[in-house]
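What follows is one chain in structure tokens, specifically the form predicted on its own.
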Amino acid sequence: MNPSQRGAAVPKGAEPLPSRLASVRAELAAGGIDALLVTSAANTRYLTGFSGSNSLLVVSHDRAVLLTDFRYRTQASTEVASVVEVEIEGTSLWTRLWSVLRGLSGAKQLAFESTHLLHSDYQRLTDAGARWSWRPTSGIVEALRQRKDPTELAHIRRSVAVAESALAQTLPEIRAGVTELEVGARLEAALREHGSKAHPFETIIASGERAALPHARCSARELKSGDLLIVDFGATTAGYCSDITRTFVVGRASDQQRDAYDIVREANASASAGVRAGMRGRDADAIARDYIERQGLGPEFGHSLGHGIGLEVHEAPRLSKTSDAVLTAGAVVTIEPGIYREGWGGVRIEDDVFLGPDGPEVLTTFPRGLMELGAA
């Protein structure tokens, strides 16, 4: 079997979108809100199935109306669930929005997504939409998205498998003398070849002293023998992301590199095994952070432990030392401890973990032992 085909088949069964809309409506009713204007592309896709780049979605207690433009007429007819009305607008979606809102019986108290709406669009609401009372909201749909249903989990599994297959194909081509840009190009081509529909974020290839930059962009730097090499990348399948990091050594690893790597690997393993639904994000973060601090390297782990993944590569929940939010059962999160030393380099190991009913399940299977690339 091609590794990119690994994982459970995408389940077939009851369409989840009506239940998602019902959950949103329950939240609106509890808050005394008559309708919600959804402007987040990821939230719109979650509630309707629509994957286009230009839309407005209105969800009221008895209607869901998607507004988009002519470019997406055919796409909307094939993607959008039958429980959602579709209106195609030839000029301005906002002009059509006022017409839709006037058609909502008794709608007075309306809400918008404050974390996604541009200020210029907010001004549209308060000017052209002044006949309605507008209330900012945050996280109504995102809270639902944390809990992955079986179909969503299957898509993420497939996305993980695609990414791992692409990495396995790329590694034999990595050696001293190739540039970070060349490594990134080969990996991204392999991702496409194995079925990734998009790159969920800009691929990170960081070698040598640049491996001390947690979010380094690919550069023209040539890999050298003895370099640490961080590879952070992902795949997208049916809109759902994976996010994986592995650290390698080009040529032979030094004792110092091995010691640092072993500390990060142990922090990763402990957190992946210990994270649980129901614990706070800060408590999950502490599993890895406390171990790294006991090794005397606390200041070298400067970012959070992880984040949720799904339709977006960074979504709720957050696993950080300041997060008191409870981790939701059914979430998929990253576990990505790292240590970074300016002028020396860095090590990060990142896995995707499902917070299942029986405990954590690590979805990534790519080896975590230190690999020496291009070594004679």
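A residue's number is simply how far along the shown sequence it sits, counting from 1. Note that the coordinates shown come from a computational prediction; the quantities given were computed from them, not determined experimentally.
Same protein, other form: the form predicted in complex with a further copy of the same chain, not shown, and the subject of what follows.
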Taking the shortest heavy atom distance, is residue 75 within 4.5 Å of a further copy of the same chain in the predicted bound form? yes
Although a further copy of the same chain is absent from this view, report whether residue 102 comes within 4.5 Å of it in the predicted bound form, heavy atoms only. no
Contact flag, residue 128 vs a further copy of the same chain in the predicted bound form, heavy atom cut 4.5 Å: no
Against a further copy of the same chain in the predicted bound form, would residue 246 count as a contact residue? Criterion: heavy atoms within 4.5 Å. no
Based on heavy atom distances of 4.5 Å or less, which listed stretch (295-303, 225-233, 279-287, 159-167) is in contact with a further copy of the same chain in the predicted bound form? 295-303
Only one of 96, 186, 155, 148 comes within 4.5 Å of a further copy of the same chain in the predicted bound form by heavy atoms, so just point that one out. 186
If you check 171, 110, 269, 218 against a further copy of the same chain in the predicted bound form, which one has a heavy atom within 4.5 Å? 218
Using a 4.5 Å heavy atom cutoff, which residues in 119-143 contact a further copy of the same chain in the predicted bound form? It's fine if the answer is none. 119, 120, 122, 123, 136
